[in-house]
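As a starting point, one isolated chain is supplied in structure tokens, in the form predicted alone.
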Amino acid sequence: MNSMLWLIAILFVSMNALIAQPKGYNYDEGKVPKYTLPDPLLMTDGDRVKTVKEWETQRRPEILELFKKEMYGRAPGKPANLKFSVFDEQQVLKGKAVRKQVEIQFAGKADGPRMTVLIYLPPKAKGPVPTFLTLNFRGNHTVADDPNIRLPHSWVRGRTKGETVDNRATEKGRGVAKSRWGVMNILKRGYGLATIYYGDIDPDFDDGWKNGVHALYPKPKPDEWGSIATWAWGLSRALDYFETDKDIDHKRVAVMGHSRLGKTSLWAGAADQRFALVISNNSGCGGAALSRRAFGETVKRINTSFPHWFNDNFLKYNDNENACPVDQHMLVALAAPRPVYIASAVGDKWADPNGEFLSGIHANPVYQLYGLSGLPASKQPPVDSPVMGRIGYHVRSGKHDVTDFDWEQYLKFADKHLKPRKK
């Protein structure tokens, strides 16, 4: 009988291991390939950056251009006919919040590509408030139990390439993702929260670049914007609106994203220096995790499963990560001297928590150039034990998600870096 129980236990553990680790992908630190990271302070001509001016005028533009050319893609600037329309503004949540809804028309036409920004602000704020700007996966109406939030008008993420729409895109979906947002806690701490359904900007499937904002532009060339760069472009258009809103402090906006939208927030913060603080939540490959580690999700896997996320030039680095002239620590460094927070989850090995931490560590030399400490840790901290310098990091217990614990750290980090210091 004991032998039978042992056999069952072994089979159970083996089956769980197969479920946890997709076939052909590495979760073993001992099998991480040898790699050498590009030096963020070494210019392509061989000269080493010695001053902030050299970083800002020479090396930073050089790295930014490499990421555009080889990975995320070049995006157009602000559209000439961009139009903002505030169609809802009132006190809600029993007087504990001011809700605004803003339609941003990318071509200035109501029947053209457009996105809706949902904004919650503290009701008794004395002047413009610092604000978290995020993208969401299922629609603004999923963020809170609020019957008057506009439902999605565009493609909605479903079960098969966007063709199958589930109930979360309808009235039944109101508030289903509220656990990820903590709206009341954010407001109580004196911050605003703004969110946009990412499908309003660009649908998340390989549609041949025919929908969303891409309908206004020619088909992308190999070095032009994939969906991540497109979603980041949409975040910048929201920031364009914030510059016109007297209730939002557009100079103190934190861009935050989870998973593929964490990849997006990192790129948005790199491409648009107006963002004051950048937050990556479980962003993994193509986000905060070092590509050269090939741990969990890899460049080849991401390019195969989601060919629309990056530009076509990035395909060159399938099973060839060491040939890429950049890696993700350099993406983190592009935010310098602005604060960056990187978050991992111990149960999310697919996103390579250690690789995310190492990106923060290897971005430190750029922050130190500014006289800042960067990430104040020499090794990955214990679970649920955040560290916060100019770069913050934690690996929390749990899985691939956004939790109250995550938000508590982001609020503390924002208190440290975004709120004015008391005299």
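For every residue, the number given is its place in the sequence shown, counted from 1. Just so we're clear, the structure is a prediction, and the values are computed from it rather than from any experiment.
Just so you know, the form predicted together with beta-D-galactopyranuronic acid (GTR) exists too; it's not on screen, but the next bit is about it.
message: Under a 4.5 Å heavy atom criterion, is residue 98 part of the interface with beta-D-galactopyranuronic acid (GTR) in the predicted bound form?
response: No, residue 98 stays farther than 4.5 Å from beta-D-galactopyranuronic acid (GTR) in the predicted bound form.
field: Partner proximity in the predicted bound form: residue 350 to beta-D-galactopyranuronic acid (GTR), non-hydrogen atom cutoff 4.5 Å
entry: Yes, residue 350 lies within 4.5 Å of beta-D-galactopyranuronic acid (GTR) in the predicted bound form.
message: Using a 4.5 angstroms cut-off on non-hydrogen atoms, would residue 259 count as touching beta-D-galactopyranuronic acid (GTR) in the predicted bound form?
response: It does: once beta-D-galactopyranuronic acid (GTR) is placed as it appears in the predicted bound form, residue 259 has a heavy atom within 4.5 Å of it.
- prompt: Quick one: is residue 412 in contact with beta-D-galactopyranuronic acid (GTR) in the predicted bound form, heavy atoms, 4.5 Å cut-off?
  reply: No, residue 412 is distant from the partner.
- prompt: Of these, 122-130, 213-221, 302-310, 319-327, which stretch puts a heavy atom within 4.5 angstroms of beta-D-galactopyranuronic acid (GTR) in the predicted bound form?
  reply: Heavy-atom contact with the partner occurs in 302-310.
- prompt: Can you tell me which residues in 370-408 come within 4.5 angstroms of beta-D-galactopyranuronic acid (GTR) in the predicted bound form, by heavy atoms?
  reply: Result: 400 alone.
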